[in-house]
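Starting off, we have a lone chain in the form predicted alone, written out as structure tokens.
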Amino acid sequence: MSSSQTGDGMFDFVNQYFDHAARWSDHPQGLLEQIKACNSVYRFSFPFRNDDGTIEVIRAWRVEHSHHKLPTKGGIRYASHVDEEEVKALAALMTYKCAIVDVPYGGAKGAVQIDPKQYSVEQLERITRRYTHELVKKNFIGPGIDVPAPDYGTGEREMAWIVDTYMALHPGSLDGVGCVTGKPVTQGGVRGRREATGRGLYFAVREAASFADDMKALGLPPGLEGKRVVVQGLGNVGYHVAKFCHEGGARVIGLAEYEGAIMNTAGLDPDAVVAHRKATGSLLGFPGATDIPHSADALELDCDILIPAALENVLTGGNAARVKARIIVEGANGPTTPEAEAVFRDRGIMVIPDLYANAGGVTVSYFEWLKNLSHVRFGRMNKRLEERDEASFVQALESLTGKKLSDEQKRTLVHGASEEDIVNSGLEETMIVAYHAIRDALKRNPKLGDLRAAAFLTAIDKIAMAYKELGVFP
């Protein structure tokens, strides 16, 4: 994928969406330009010695889009096709995403221009640690400055290397472990972070489907039960949203990956499909499913809900007219081009936009950061107290009614909240409140046209308020 397909186009698309929504605001132009501009761009290169002794030069970036709140926050992407404009676009999306879900960060993003599949684990560790050194050198990382997280091509392992390197360079730093999120639980991570983006997508589409009037306008009954779902991408995000939709009563009829796609109108079990792919190396050939040789064709399957959770720019002016879904939930960043958006708007298709829908990751990253700064696991101080109180209530209930509850019933009722329970509850609350804010903005101003414009306007208003409270603008 060329940079013209990713970076240049994507940053232009983000700014087009921003400008469209900004037309409906009453903020001065200077303030709007400040919100839209990237504050800091750090581009650098460093030499890397390969195992055969040859030297290659690796390009990398860290972009801090907005300092209206600190620290800034955003993932680190490892990809051969990444470029500066793409990183700027992703950093801008992070600014608006954090504002929508009321996470007190400015937006940022980082990238290293490599294909991680072409490097050994030892080589990736050396690259990651060198990248971290560069960020430390220029003060582009720190628990109160800029807090990276995983993104495409990175994960818990890379975050563990980053925090270890940061702590080696900042010995005795009390809050140093909060310099990055998405870490393994044993290294200061939080339970529920791995599933957070997919779970957040599930909460988003479940909440959207709960409004009977909105579903009636789409020709669908309210609720997720029985709705036909197609998911493109079976990585961490795609797998978890498919799993949660399946468990929530939806019928996952299609799953797609780079090698192709499969379909079964009776429904697919995501866990069974993942196990098959792990055993055979491919989705194709899954028992009972129909093979679809070209992954992109899955986007055009007859379904109720389409969830592109893999690549950007997969829904374009070229295929938008053939998309049959009534609801599109953007799991990936930037999967829909403005041309496709216009087609979907004209056809009355609901698009739940990326800057809201996939905000589960940054929301739970915020919880992890809070855990790191407080130096205590969620639930540690109140779990047993809650269970004692609930046990007392059960005893009183049995005494008043004269009926004894079974051990299973008691276990269900007497349950103190664990860290994962608290994290998932906080994520659910965040996604529900944010969706209502976006939907209400669209209801107040139907001329916005769609949820994406409403989401951008919601973010613009919140960021503008922050600047005004700082006294930067009247």
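Start at 1 and count along the sequence shown; that's the residue number. This is a predicted model, so every value here is computed, not measured.
FYI, the form predicted together with a small molecule isn't displayed, but the following is about it.
K.L.:
Quick one: which of 72-80, 213-221, 297-305, 124-132 gets within 4.5 Å of the small molecule in the model of the complex, going by heavy atoms?
P.N.:
After filtering at 4.5 Å, what remains is 72-80.
K.L.:
Judged by heavy atoms and a 4.5 Å cut-off, are 191, 382 and 424 together in contact with the small molecule in the model of the complex?
P.N.:
Contact check failed for every one of 191, 382 and 424.
K.L.:
Any chance residue 149 has a heavy atom within 4.5 Å of the small molecule in the model of the complex?
P.N.:
It does: once the small molecule is placed as it appears in the model of the complex, residue 149 has a heavy atom within 4.5 Å of it.
K.L.:
So in the model of the complex, does residue 199 come within 4.5 Å of the small molecule, heavy atom to heavy atom?
P.N.:
Result no; residue 199 lies far from the small molecule in the model of the complex.
K.L.:
With the cut-off set at 4.5 Å between non-hydrogen atoms, does residue 97 touch the small molecule in the model of the complex?
P.N.:
Residue-level check for residue 97: yes, a contact with the small molecule.
K.L.:
So, residue 315 and the small molecule: in the model of the complex, are they within 4.5 Å at any heavy atom pair?
P.N.:
Residue 315 lies outside the contact set for the small molecule.
K.L.:
So which of 113, 337, 372, 333 reaches within 4.5 angstroms of the small molecule in the model of the complex, heavy atom to heavy atom?
P.N.:
Exactly one residue meets the criterion: 333.
K.L.:
Just to be sure I understand the contacts: of 362, 357, 245, 162, which is the one whose heavy atoms reach within 4.5 angstroms of the small molecule in the model of the complex?
P.N.:
For this set of options, the contacting one is 362.
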